[in-house]
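We begin with a single chain expressed as structure tokens, specifically the form predicted on its own.
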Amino acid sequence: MHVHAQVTGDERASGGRYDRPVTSPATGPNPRRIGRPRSNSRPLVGDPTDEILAAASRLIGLLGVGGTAMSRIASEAGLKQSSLYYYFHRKEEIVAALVARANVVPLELARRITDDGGPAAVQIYRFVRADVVALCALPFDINEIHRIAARDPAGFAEYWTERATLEGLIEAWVRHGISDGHLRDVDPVLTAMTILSNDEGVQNWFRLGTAREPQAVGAAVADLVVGGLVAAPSRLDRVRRAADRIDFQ
């Protein structure tokens, strides 16, 4: 199962979300009844898959994968456990659906930034800032998702293909920046991997609790990353202003 999502105009500055909220089918013009009972009196209309995944992500964020039982997911989603099994037969299927979402937002973000064009340093700055903001909003540990996918590379082949595509887009920006002299001569492959790892590492301490706003965190990390890559450190302020003009105006 692979869930696709689109970054809206309102999400442009905030970097989007890894767990985009989905309008309940009950609010649509033609609600579709599935016929699987809830554990409460609220009727089940439409497909509750997104509700299930949202509930699972919240619980996994609190309890980890091992500590999250199907019964807890069903209760959190307001379903009877038998109804949950109608949509997902095993917890591993729910985890697989969450893993499928992990690459969606950063990959769409990177593709949009590539389509926008512009100097490589500005592209990298925009990506890092928005990616960190989105990761700060993620309700579960992205690194736990990576570990799950790593334990079953064949089962999560699509995930790793998308991950390689994401790394390749960042690598291309770095190569372009080196070729035009705006970035230092660094290893593009290692740099792309480090940028993504650094973004994801920030989520670890952010989830522990901080008074800092995600936007401020994203800007600070982008300053550090691009400040370390530009050939002339004095260019950083120019890069920041150019990124702001695209994302906030």
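The first residue of the sequence shown is number 1, and the count goes up from there. Keep in mind it's a predicted model, so treat the numbers as computed, not measured.
Missing here is the form predicted together with another copy of the chain; even so, the following discussion is about that form.
- In the predicted bound form, at least one heavy atom of residue 193 sits within 4.5 Å of a heavy atom of another copy of the chain.
- The closest heavy atom approach of residue 161 to another copy of the chain in the predicted bound form falls outside 4.5 Å.
- At least one heavy atom of residue 220 is located within 4.5 Å of another copy of the chain in the predicted bound form.
- Contact between residue 176 and another copy of the chain in the predicted bound form is not found at the 4.5 Å heavy atom cutoff.
- Within 4.5 Å of another copy of the chain in the predicted bound form, a heavy atom is found for not a single one of 137, 153 and 182.
- Applying a 4.5 Å heavy atom cutoff to another copy of the chain in the predicted bound form picks out 60, 61, 62, 63, 64 from 60 to 89, in order along the sequence.
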